[in-house]
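One chain comes next, on its own, written out as structure tokens in the form predicted alone.
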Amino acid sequence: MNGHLEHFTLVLFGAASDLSSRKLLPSLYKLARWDQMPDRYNIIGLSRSPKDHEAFRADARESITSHVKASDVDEGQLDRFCRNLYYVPADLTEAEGYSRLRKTIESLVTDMPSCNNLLFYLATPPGLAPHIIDNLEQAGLGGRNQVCSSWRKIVVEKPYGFDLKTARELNAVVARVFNEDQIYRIDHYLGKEPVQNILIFRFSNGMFEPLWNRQFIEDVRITIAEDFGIRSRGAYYEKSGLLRDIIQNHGLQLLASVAMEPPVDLSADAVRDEKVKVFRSLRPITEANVREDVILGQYEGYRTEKDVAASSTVETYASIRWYIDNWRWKGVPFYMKAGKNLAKRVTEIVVTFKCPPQNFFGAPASCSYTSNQIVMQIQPDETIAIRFGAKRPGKDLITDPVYMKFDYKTSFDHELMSAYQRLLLDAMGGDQTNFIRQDAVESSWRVIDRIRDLISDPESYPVHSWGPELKQ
């Protein structure tokens, strides 16, 4: 077991949720399987379902065997993991369940019942967060109630509010019960290996770092495309839309990772300081430029999806041209495209460098055909490719584009951690680097709210197309 982590109790609100079943319980099991959990730990699930400990363990076993590849399921290890699982049935809006929760926590650590290390994970709809936090405080389980040398932390899933106003309200509720250094606002994209590698790629390689600026880079393109629709999430999407669901969190976090300045050190706040500076440097979207720099779309047939209004104007696609008005990036466009039911599933960042001053090597006259690019793909593959021009075989001096590619799967001989494994481990260990700070949440909502205020008429686009395009 991991001797660097202290014993703790993880309290999983929404233990019966899809997120818990597909991601959290399998990720916790794999951490235990890889000896990355402490010697002593307890996991307590809460939900409305009237089940006991054994029923919860049986459900967890089914979730793990369904979502972890068979070669990673060791029956002995799975038995040991499940013995650490407990369950408290509770209506999360009522105080009574939290009294039972506290008694359960204290019963599990009998040698020091008032000095538990507690990690609360809210795998619940955002509307429940204020109820959960208030009830934790009432039960004496809030972060500001901690005693002895124990720690208390809370992980809050996205969406963190639905606009700037509700994000601020939620921040105020959480801040009344937990200190900022106890709050872990999670975006699972920040736990993906290729996203974490952006920082390393940029700042540890002398061949790239000096070129990462307006003098050498023509543009940056960020794509978050899915080849399927909203599936069964119509009720959620009608409230959310793509700007809230993807751009405000995943999209802007990727942009900040590409554009940030080097931090003064690798501490959590130093890294997050630089990301917030990017958000504050984004050129405002105004009435004068919104139609030029923003297109929203809705895929054909969206209005016939289950739980979607027949006259819905909710966007399922967005294409945005951002400008970062600071010394490094002034004048460089950052194109961001995200959407549902697009031509293929891909998340990638493409950095295109400026052309040489003169093209000597044959048609075409423009160097765009062989422009130098760095292509960082996050999914479905986890790769980094460098695109450059090479001589076409034959007597003529004509260039063709070629690639050199790095692939995580073929370059390393051990299994990669999933995003949730990494972020759970970081939260247990107290590393907030890959979690979102309050000021970043509010800065990102400010720009998204501005777009929503200015444009509300999405264009229709065919299913499995690339959606409507901005004028270049």
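Throughout, we count residues from 1 along the sequence that is shown. Note that the structure is a prediction, hence the values are computed from the model and not measured.
What follows is about the form predicted in complex with a small molecule, which we do not show.
Participant: If the cut-off is 4.5 angstroms on heavy atoms, which of these, K337, R185, H250, R202, is the one near the small molecule in the predicted bound form?
Facilitator: Among K337, R185, H250, R202, a heavy atom within 4.5 Å of the small molecule in the predicted bound form occurs only for H250.
Participant: Answer with one of W212, Y189, F162, Y86: the residue that has a non-hydrogen atom within 4.5 Å of the small molecule in the predicted bound form.
Facilitator: Answer to the contact question: Y189.
Participant: Could you tell me which stretch in 295-303, 118-126, 74-82, 229-237 has residues with non-hydrogen atoms within 4.5 Å of the small molecule in the predicted bound form?
Facilitator: Heavy atoms within 4.5 Å of the small molecule in the predicted bound form occur in 229-237.
Participant: So in the predicted bound form, does any heavy atom of R345 sit within 4.5 Å of the small molecule?
Facilitator: Output for R345 is yes: heavy atoms within 4.5 Å of the small molecule.
Participant: Given that the partner is absent here, does R387 sit within 4.5 Å of the small molecule in the predicted bound form, heavy atoms only?
Facilitator: Contact check for R387: no, nothing within 4.5 Å of the small molecule in the predicted bound form.
Participant: Contact between Q379 and the small molecule in the predicted bound form at 4.5 Å, heavy atoms?
Facilitator: Close contact exists here: in the predicted bound form, Q379 approaches the small molecule to within 4.5 Å, heavy atoms only.
Participant: How about R321 - does it come within 4.5 Å of the small molecule in the predicted bound form, if we only consider non-hydrogen atoms?
Facilitator: No, R321 sits far enough from the small molecule in the predicted bound form that none of its heavy atoms falls within 4.5 Å.
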